[in-house]
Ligand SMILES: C[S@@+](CC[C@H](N)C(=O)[O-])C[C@H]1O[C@@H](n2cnc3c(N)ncnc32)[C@H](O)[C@@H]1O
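There is one chain below, alone, in structure tokens, taken in the form predicted on its own.
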């Protein structure tokens, strides 16, 4: 059933694109249901680790419907959201537009001393359609690079991580949020049972396809998860590499900083 979408060969990108086109309208709803709303807390932890500041540039890879994109922008960063799914980007762009207040949409005030003190336009936030394994930006373009639930879905997650590293500036932060593999065997088996039985039911009810969400477990079984990502971060030369296990490793955050000689 899950292999309708998971294919380790050349067809994988097309199948994953089809999956996200299908689930985009209900993606946020099912995220709330399958995580019992906890994904919002996990994404806040990503933002805390990323430490965005006004004026910094951030890239959210595989931005989906824009949760991290919007959170980074609210902290003052100039953000680019990148995704290969046109349908997911449509949702992200709509949310970005709706998040701007009427004041933010109005023309900038005259360039005088008083207005420069009182006027604070919304930080730039926009989306582009592109391949996360071929990020269309020069080396060292961003202070922060994030990805949530996207690295696991790439045809080659290692090349995706290398690209994220390439476009990160010296001293910049690279943060990855995704499903993990708990170290405790009993907890891992219980977690896998949840992914195998409950989550596909949500896909059937809300997307008309159990396979769309059975894909999560199938993709996770082919993904090295937190320890594999941490090892690759070290191979790339990242500093201060750390793993943040959430709920005993059910969800995980990988964090690293780009060295000056990396």
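Numbering follows the first chain given and starts at 1. Being a predicted model, the structure only gives us computed values, none of them experimental.
The form predicted in complex with the ligand is left out here; the points below concern that form.
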{"item": "Residue stretch of 46 to 54, 60 to 68, 189 to 197, 226 to 234 approaching the ligand in the predicted bound form, non-hydrogen atom distance within 4.5 Å", "value": "60 to 68"}
{"item": "Partner proximity in the predicted bound form: residue 80 to the ligand, non-hydrogen atom cutoff 4.5 Å", "value": "no"}
{"item": "The ligand contact at residue 42 in the predicted bound form, heavy atom, 4.5 Å", "value": "no"}
{"item": "Non-hydrogen atom contact residue 130 with the ligand in the predicted bound form at 4.5 angstroms", "value": "yes"}
{"item": "4.5 angstroms heavy atom contact with the ligand in the predicted bound form for residue 137", "value": "no"}
{"item": "The ligand: the contacting residue among 73, 92, 148, 144 in the predicted bound form [heavy atom, 4.5 Å]", "value": "148"}
{"item": "Residue (of 167, 88, 175, 125) lying close to the ligand in the predicted bound form, criterion heavy atoms within 4.5 Å", "value": "88"}
